[in-house]
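Next up: a single chain in structure tokens, the form predicted alone.
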Amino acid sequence: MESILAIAVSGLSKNYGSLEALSEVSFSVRRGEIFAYLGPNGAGKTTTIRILSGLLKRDAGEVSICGADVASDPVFVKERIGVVPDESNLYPELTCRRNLEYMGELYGLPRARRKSQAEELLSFFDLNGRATTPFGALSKGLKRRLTIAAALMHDPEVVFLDEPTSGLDVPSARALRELIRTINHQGATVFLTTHNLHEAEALSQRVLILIKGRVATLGTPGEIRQRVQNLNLLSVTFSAGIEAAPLLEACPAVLQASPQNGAWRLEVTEAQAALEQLLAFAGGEGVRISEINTITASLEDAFMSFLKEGEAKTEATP
């Protein structure tokens, strides 16, 4: 019976000398799932992908792709995965078509198959008109498209996408997200790393947040948001021309304040106390508050909460 898991990781650990990159990381990814693997820089995301793709040896733990151990059956695993790195690994002097065909050669595809597959992918990624254009002459958005296309040449079951929309303009990033959804709908399991938390929330069925090499939380975006409902968040809009920062800094109930879309986004100790303080301070300063709303915690709020918690634990460890 075929396993329902595309990826299974148990107790994964990796050290670089005295640096603990990963510590007993465990998770699984179901076949056909878009799984977001999130964390700040240095959390261990790239190390994880390198281990999962067979490029780096683990120190401890078990890792399997499509039911096969990555270390003991590397050929089986590499035939079933496609890896899209954050920086393209294609050849700038080769045309788009030739880059795809060459990738097919590396995977041992027969000549007829790699030619037909290249044409199918050029069409799918709307690159027909660029087939004879050198890769190096493409825009960044088109380069990302071709890089993903190259990773799909051998019809992998699992696709690793490392920051796929990083540095792209809004239309290009949106188009690429739609392509990721389409790839997934066609049957590929997608393992996604991104710093764009809105992107992760929109695309993924489940999310893992990694902090300093350890799993901070794992679940659906909704489940993770629910775990930080103890956060008290407000949106406050002041009358035009008001310098609100000093007033907010003077309110003991306001833990953090940041301007957002013409309003101030506040994290407070307790909503009622914050409202009372804000109204009192504003009245004393002759400042008019035009609108106050409560905010439901987002995935980004949850991420920042778990990040603070992880950093606090690290500082408390002798």
Partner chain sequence: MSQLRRALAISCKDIESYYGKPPLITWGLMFPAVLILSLYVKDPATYLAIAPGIIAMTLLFGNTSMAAIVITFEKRAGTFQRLLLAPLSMRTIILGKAASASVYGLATALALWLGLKLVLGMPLVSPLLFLAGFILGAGCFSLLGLTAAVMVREVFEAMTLMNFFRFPILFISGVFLPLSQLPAWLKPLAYASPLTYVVELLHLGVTGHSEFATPMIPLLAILLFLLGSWLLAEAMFRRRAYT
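Residue numbers count along the first chain shown, from 1. Keep in mind it's a predicted model, so treat the numbers as computed, not measured.
What follows is about the form predicted together with the partner chain, which we do not show.
Participant: Which one of these stretches, 164-172, 184-192, 217-225, 72-80, sits within 4.5 Å of the partner chain in the predicted complex when only heavy atoms are counted?
Facilitator: The contacting stretch is 72-80.
Participant: In the predicted complex, which of the listed residues (137, 94, 131, 245) lies with a heavy atom within 4.5 Å of the partner chain?
Facilitator: None of the other options qualify; the answer is 94.
Participant: Looking at 47, 53, 64, 277, which is the one with a non-hydrogen atom within 4.5 Å of the partner chain in the predicted complex?
Facilitator: Checked against the cut-off, the match is 53.
Participant: Using a 4.5 angstroms cut-off on non-hydrogen atoms, would residue 85 count as touching the partner chain in the predicted complex?
Facilitator: Residue 85: yes, in contact with the partner chain in the predicted complex.
Participant: My question is simply whether residue 98 lines the interface with the partner chain in the predicted complex - judged by any non-hydrogen atom within 4.5 Å.
Facilitator: Looking in the predicted complex, residue contacts with the partner chain include residue 98, since a heavy atom lies within 4.5 Å.
Participant: Taking the partner chain as it sits in the predicted complex, is residue 89 near enough to touch it, meaning that at least one heavy atom pair lies within 4.5 angstroms?
Facilitator: Residue 89 belongs to the contact set for the partner chain.
Participant: Is residue 120 close enough to the partner chain in the predicted complex to count, meaning some heavy atom within 4.5 Å?
Facilitator: No, residue 120 stays farther than 4.5 Å from the partner chain in the predicted complex.
Participant: Using a 4.5 Å cut-off on heavy atoms, what residues in 99-131 are near the partner chain in the predicted complex?
Facilitator: The stretch 99-131, when checked against the partner chain in the predicted complex, contributes 102, 103, 105, 106, 107, 108 at the 4.5 Å heavy-atom cut-off.
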